[in-house]
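Take a look at this single chain, the form predicted on its own, given in structure tokens.
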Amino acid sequence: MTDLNWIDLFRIVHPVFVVAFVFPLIGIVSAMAWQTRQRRLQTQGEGAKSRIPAVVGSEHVKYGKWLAGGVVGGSLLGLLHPSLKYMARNELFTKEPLQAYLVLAFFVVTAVSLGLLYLSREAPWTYIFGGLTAVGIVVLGFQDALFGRAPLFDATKYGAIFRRDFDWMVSHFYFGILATLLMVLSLATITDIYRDRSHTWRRLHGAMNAFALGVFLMQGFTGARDLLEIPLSWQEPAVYSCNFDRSSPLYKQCPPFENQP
């Protein structure tokens, strides 16, 4: 802990929150989803009963809401640290105050939209606030490109958010955005699931969240990898002086340290 300053401690708030809160909820919600389905199948026949308690359905919805909020909150935490660091490094509060305050406003609007989504019960409000939450997350993720300070799909370590565009298929950022959008959609369509007598929304919900489970597994892999790759703040000058150009013959080589004993 002695090697971690406040910047490094702030950086690990996101993974700590996800590991301590979000990942346990994924297991709980997945188990309850399976039990809810099994109970529904067991009670389809006339007079059929199930040993699975009826309350499992409402508990699945309750913890599912917690999970959705945790995923969106974790995404905001993951985006906040590099955003503030980017603003400080480029002195945006003095050179580009409009951009800096707009980014902070998007954080506030996204969080407020999520809160209003929880309070909404009827369409179109669930879709409006769900859409605002989703748009806010995407805008914050691509903020440097939207303000013309970095290419859209070529963000480097100098961009606001490291999106790993050169390896987008195994990018923690893109998997995180996808998981967040899936959770927002699940939250916005809860009422539709209960009102749809054809069970179309229920089937879509099941398929979508089975896919989301795979995305969460990839998030565990890519997040662990990124923690191994991201240097501490005081190590950044040395690490970022290395060659990351895959087309270069000096790829993965670093300049020698000066004055070594």
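Computed from a predicted model, the values in this text were never measured in an experiment. The first residue of the sequence shown is number 1, and the count goes up from there.
Not on display, but discussed next: the form predicted in complex with a small molecule.
- The chain is drawn here without the small molecule; in the model of the complex, the stretch among 91 to 99, 108 to 116, 122 to 130, 73 to 81 whose residues come within 4.5 Å of it by any heavy atom is 73 to 81.
- A residue is said to contact a partner when one of its heavy atoms sits within 4.5 Å of a partner heavy atom; D226 meets this definition for the small molecule in the model of the complex.
- In the model of the complex, the small molecule stays beyond 4.5 Å of every heavy atom belonging to W234.
- Among residues of the shown chain, Q143 is not one whose heavy atoms approach the small molecule to within 4.5 Å in the model of the complex.
- With a 4.5 Å cutoff on heavy atoms, T36 counts as touching the small molecule in the model of the complex.
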